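A lone chain, given as C-alpha cells: the form predicted alone.
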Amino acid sequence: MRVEWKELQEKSFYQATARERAIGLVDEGTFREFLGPRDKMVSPHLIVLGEAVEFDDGITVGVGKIGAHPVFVVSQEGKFVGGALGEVNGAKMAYTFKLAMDCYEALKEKYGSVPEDRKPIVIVSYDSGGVRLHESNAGLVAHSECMEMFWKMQNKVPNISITASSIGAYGAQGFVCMSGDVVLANDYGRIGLTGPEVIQQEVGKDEFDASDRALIWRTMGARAKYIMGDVDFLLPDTIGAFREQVMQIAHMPMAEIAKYRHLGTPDLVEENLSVVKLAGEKGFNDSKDYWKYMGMKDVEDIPEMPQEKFLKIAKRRQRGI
C-alpha cells in the first residue's frame, strides 16, 4: 500500500523501503524514477545462476527537487541480495551521478556560473554489503565509475551520503559512502571497509569476535563514527529528519559543504593516518579506550543512552587531532 508523502516524513528511515526513502527526501510530488520496476531491468547474471531477481535490481534512482535545487537520488535496497552492487544496479547508480553533472554543466552554460540556490544535489542512501560475488567484475567496474563521477562532482555538485538502514555501508560501498562531501546517519548506520565476519576470518576470533554485536556497533556503528568525525550529522530515525538536514546543506555555499569532506586530498589522507598513529602510540585496544582518551565518562553507557543525551556529551575528534 502506497504511503502518502506527509506520512513518509514521520516514517522510520530504517524501516522504509528504498523507494519510500527516495520519495520522502525530496519535495512532495517531485520525484521521478529512472528505470523503475516497469522497465524490468534485471541482472542477467542472477538469471543464469538461477537466483531470484527484482525488476529494479534492488535500487531506486531518480530526480526530484528541494526548492529550486534539482536533487538526484540513489537509494539502495538492502533486503535484495544484501544491497550488493552488480552490473545493472551499479550502472543505474553511476549514470545518475552523470546526469547530475550534466545538469550542472547545463546550468553553467545557461547562467555563466551555477547559482548557489539552484545547484544540483546528489543524495545516496547506502544499504549495501559491497559487490555481488555473482558478478564481481561488473560490480567493481561500477564502483570505479561511481568514484570517477565523485571526482568530477567535487566542488561542483554537493554529494550527501546517508547510512541509516539495515545493512549499512560495507566493502567498497563503505569507501564510496565516505567519499561523499557530507555523511549523515541515524543510530542504525554502520560504515566499514571490511565486514565483521571477514575481519574475524583474517585475524581470528580472539582479535575480533564477529558474534559480539556490542563490539561491532562500537567499532563500526554510527555513534562511534560520529565521535571519530566520520559521521557529520547524527539524526533521529525519520525520513523527515534526514530531509530537513539535506535542506540545510543545500542552502550552504559549495565552499562550506566541501569543508566536511573526509577523503580526496593528501592533507585528508595524512589526517586519517594520524588517528592510526595515535592508536598505536597510546595502545588502544578498543573504541572505548579512544572515548576515554577524548575525556568522555561512563563510556559503557554510550551505546544505550538516548540520542539526545549522547549528542550533548559526545566529544568529537577535531580535524587535525
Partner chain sequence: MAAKPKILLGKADEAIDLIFDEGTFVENKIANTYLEAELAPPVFAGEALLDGKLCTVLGNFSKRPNPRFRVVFNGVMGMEECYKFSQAIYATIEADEGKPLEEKRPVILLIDTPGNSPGKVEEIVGMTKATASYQFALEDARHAGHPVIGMIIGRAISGAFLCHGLLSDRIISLPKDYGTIVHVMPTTSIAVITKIPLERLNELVKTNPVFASGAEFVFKLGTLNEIIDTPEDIKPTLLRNIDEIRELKKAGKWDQLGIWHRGALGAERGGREVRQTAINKMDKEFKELLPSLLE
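Keep in mind that this is a model prediction, so the values were computed, not measured. Residue numbers count along the first chain shown, from 1.
The form predicted in complex with the partner chain exists for this protein as well; it is not shown, and the discussion that follows is about that form.
So which of 94, 122, 167, 182 gets a non-hydrogen atom within 4.5 Å of the partner chain in the predicted bound form?
Partner contact (heavy atom, 4.5 Å) among the options: 94.
Among 246, 157, 84, 220, which has at least one heavy atom within 4.5 Å of the partner chain in the predicted bound form?
The residue from 246, 157, 84, 220 that makes the contact is 220.
Though only this chain appears here, would residue 270 touch the partner chain in the predicted bound form if you measure heavy atom gaps against 4.5 Å?
Yes, contact at 4.5 Å.
Answer yes if any heavy atom of residue 280 is within 4.5 Å of a heavy atom of the partner chain in the predicted bound form; otherwise answer no.
Taking the distances in the predicted bound form, the answer for residue 280 is yes, it comes within 4.5 Å of the partner chain.
Given that the partner chain is not shown alongside this chain, does residue 34 nevertheless sit within 4.5 Å of it in the predicted bound form, heavy atom to heavy atom?
The answer is yes: residue 34 has a heavy atom within 4.5 Å of the partner chain.
Taking any heavy atom pair closer than or equal to 4.5 Å as contact, tell me whether residue 88 reaches the partner chain in the predicted bound form.
Flag for residue 88 set to yes.
For the partner chain, considered in the predicted bound form: do all three of 39, 133 and 144 come within 4.5 Å of it, counting heavy atoms only?
The answer is yes; 39, 133 and 144 each reach the partner chain.
Contact set, 199 to 229 vs the partner chain in the predicted bound form - heavy atom within 4.5 angstroms
The stretch 199 to 229, when checked against the partner chain in the predicted bound form, contributes 199, 202, 203, 206, 207, 208, 215, 219, 220, 225, 228 at the 4.5 Å heavy-atom cut-off.
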